[in-house]
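Just the one chain here, laid out as structure tokens, in the form predicted on its own.
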């Protein structure tokens, strides 16, 4: 039982999927038993699984970014600031807006791009993680098309775009960029040769990394190849330059001239979290118990991309939005148990299937032990994302935008 006369001070670091859903459910469960404070570098929640559609222009940024103050109850305090230090012994967090003490801490800061120590990639490749990254990518590609229009002889090299990493993010992004380049961008730049834009998807392993049935992934490969997207599997990046990158594969080294390199090859916890004196698992992720408590610090919970949460079937859970969405309410229930003197229950992840988008009218889906392609997959993938978007107004706006894009594609 929480015996303090004052409410427990619950500090949630991060306003992404894990932090948002922890705050939403904890506010309902704890009522006056806790003062909940959410600290995030942004003042909005970002629906990251649809960022690739903002990159290709299928959706506007306002459809995937919603103010935290709009989503959270008034009882939750929201601090817009960068976290600069965490003192676990003093139970204090330092930010650009001051220091905050806590009784219970939830680490839900997410991850940062993992360049695997490659300085040249960090310098020259474009990140694809946050909303400003999407704006930067769109501006960069538009500038490349303007250069190609001015110098058509260089168009093929200038308009070759390489995406590194063939996980779901890389696969969906390469398909979306294909639609954008071979649709609106070519129409707006009639002097650019029709066959000049090209896309390369590079992956160090010999298969796509989406956690789906291998048969569906083979279909994804065929659909990408049908669009003339160059798949370079078993190729890992060794160096990135301003207009090229080097790949190493079974046949040796290869230098690829290109105008754009987009880094989607993995994420890792932020250095702030990685440097904490806590037990870390694979990929510098923090070890947690089944109830999402940090080993050695039961008053600290960790979830989402930075937590090495055990998977009942073996290993640790993947760094996906689906995991974080389920961990948020579980973390809130653990907080409730700790504050009311109960025994926290173990978090049980329920895999609900996966969806992969392959352009405006294509998708693959796996749910309820069944595989879907064509129109059923298209409808299921849209339904899954609409169900996860936390604001009803955004759901309606996104659905209308998708309908508009579908009608436009049918008219081509």
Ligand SMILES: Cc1cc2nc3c(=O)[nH]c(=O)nc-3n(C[C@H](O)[C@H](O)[C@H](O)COP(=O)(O)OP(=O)(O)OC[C@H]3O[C@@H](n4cnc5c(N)ncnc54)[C@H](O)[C@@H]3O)c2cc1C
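Residue numbers count along the first chain shown, from 1. Keep in mind that what you see is a predicted model, and the values were worked out from it rather than measured.
Although it is not shown, the form predicted together with the ligand is what the next lines describe.
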Scan 231, 131, 196, 321 and let me know which has any heavy atom within 4.5 Å of the ligand in the predicted bound form. 321
Using a 4.5 Å cut on heavy atoms, which of 51, 36, 363, 30 is close to the ligand in the predicted bound form? 51
64, 176 and 326 each touching the ligand in the predicted bound form (heavy atom, 4.5 Å): no
Which of 103-111, 148-156, 274-282, 244-252 lines the interface with the ligand in the predicted bound form (heavy atom within 4.5 Å): 103-111
Is there a heavy atom of residue 335 lying 4.5 Å or less from a heavy atom of the ligand in the predicted bound form? no
Using 4.5 Å between non-hydrogen atoms, is residue 303 touching the ligand in the predicted bound form? yes
Any chance residue 161 has a heavy atom within 4.5 Å of the ligand in the predicted bound form? no
May I ask you to check whether residue 87 falls inside a 4.5 Å heavy atom distance of the ligand in the predicted bound form? no
For 61-86: residues with a non-hydrogen atom within 4.5 angstroms of the ligand in the predicted bound form? 81, 82, 83
